[in-house]
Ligand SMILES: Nc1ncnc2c1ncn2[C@@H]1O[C@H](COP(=O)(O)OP(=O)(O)OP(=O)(O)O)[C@@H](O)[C@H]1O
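Shown below, as structure tokens, is a lone chain in the form predicted on its own; questions about how it binds or moves come after it.
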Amino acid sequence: MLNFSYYEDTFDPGAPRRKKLRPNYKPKRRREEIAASLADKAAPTGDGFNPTFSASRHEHEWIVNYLGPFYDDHQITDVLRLVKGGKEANVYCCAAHPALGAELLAAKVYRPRMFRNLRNDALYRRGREILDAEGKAVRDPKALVAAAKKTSFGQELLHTSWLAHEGNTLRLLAEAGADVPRIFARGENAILMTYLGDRDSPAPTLNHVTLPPRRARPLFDRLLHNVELMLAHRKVHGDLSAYNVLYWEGDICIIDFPQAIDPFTNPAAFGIFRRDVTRLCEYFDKYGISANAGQLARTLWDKHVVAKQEPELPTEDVEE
């Protein structure tokens, strides 16, 4: 098994220091070999792509291999800056190709499966179909068994499915009129979508914003409208809070949907939904907006789920 921790530390120098390896432990490959192995798995790209964004050699390879196809397909012309780095994905600000009618786009590049560290991801996978790279349900019995046993192939399939679920969810909700990013293109390990902000300043998340008092109530109502709209289209965000809402010049955009669930198939769905509503209410409470989160969640749930569900799915509690 490859020692991917070496690549992880090089790519993310801000990551916590790892425990020392055992004295007799020797990595089977050097960092260069690991980086080359990862590059081989990415989609090929043309020779003309030379991003402006100055990154480490390893991150440069990461960008070229995963965002290069968007350049080759005349969807972006450059990668300008890192917007956000995380354990699951990095987001970059890209210059859009003039033909797309947008100046800037956001490219979300997922880390390989072995870098993912989402706590309790099994909670969100419950009741989900496993999807292939095209976002279609996997029906092959052998592939499903591999996923259930979490073999090497099965884990790669689960990673692909996790990404495909986010892409499908964003397309569905954008078409429904929700305040979510619009997808322009999808790649092997990346999504190209709407960017909020300008070249120098990406839109901050709501937790870093002090709202004008007159904007608080309209924004609260707008977010609740989105929550209800999602529920009406069989989606619960699953990790909704001020940390996953962008704010820019009065506009909002809800982001990060890989863990979104179907309220009709996940036994823990109501608890997850109630947690989403509670977090929003807690944020707006500091602006003097008082709301009974539990009652609000129950009212919306009864309207859009219980009334359409037969028999009713058993509910489970989750941590707030």
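Computed from a predicted structure; not experimentally measured. One rule holds for the numbers: they count along the sequence shown, beginning at 1.
Form predicted in complex with the ligand: not shown, discussed below.
Within this chain, Pro181 lines the site of the ligand in the predicted bound form, having a heavy atom no more than 4.5 Å away. Interface residue remark: Leu196 is counted as part of the site for the ligand in the predicted bound form, having a heavy atom within 4.5 Å.
Residue contact check for Ala106: one or more of its heavy atoms lie within 4.5 Å of the ligand in the predicted bound form. Proximity of Arg217 to the ligand in the predicted bound form falls outside the 4.5 Å heavy atom cutoff. Using a 4.5 Å heavy atom cutoff, none of Asn226, His233 and Asp276 lies near the ligand in the predicted bound form. Residue Leu246 is the only one of Leu246, Ala164, Leu80, Leu123 with a heavy atom lying within 4.5 Å of the ligand in the predicted bound form.
Interface residue among Thr160, Gln75, Asn168, Thr205 relative to the ligand in the predicted bound form, by the heavy atom within 4.5 Å criterion: Thr205.
With the ligand omitted here, the record of contacts in the predicted bound form names 87-95 of 145-153, 130-138, 87-95, 209-217, defined by a heavy atom within 4.5 Å. Taking the ligand as it sits in the predicted bound form, the stretch 251-270 comes within 4.5 angstroms of it through a non-hydrogen atom at Ile255, Asp256.
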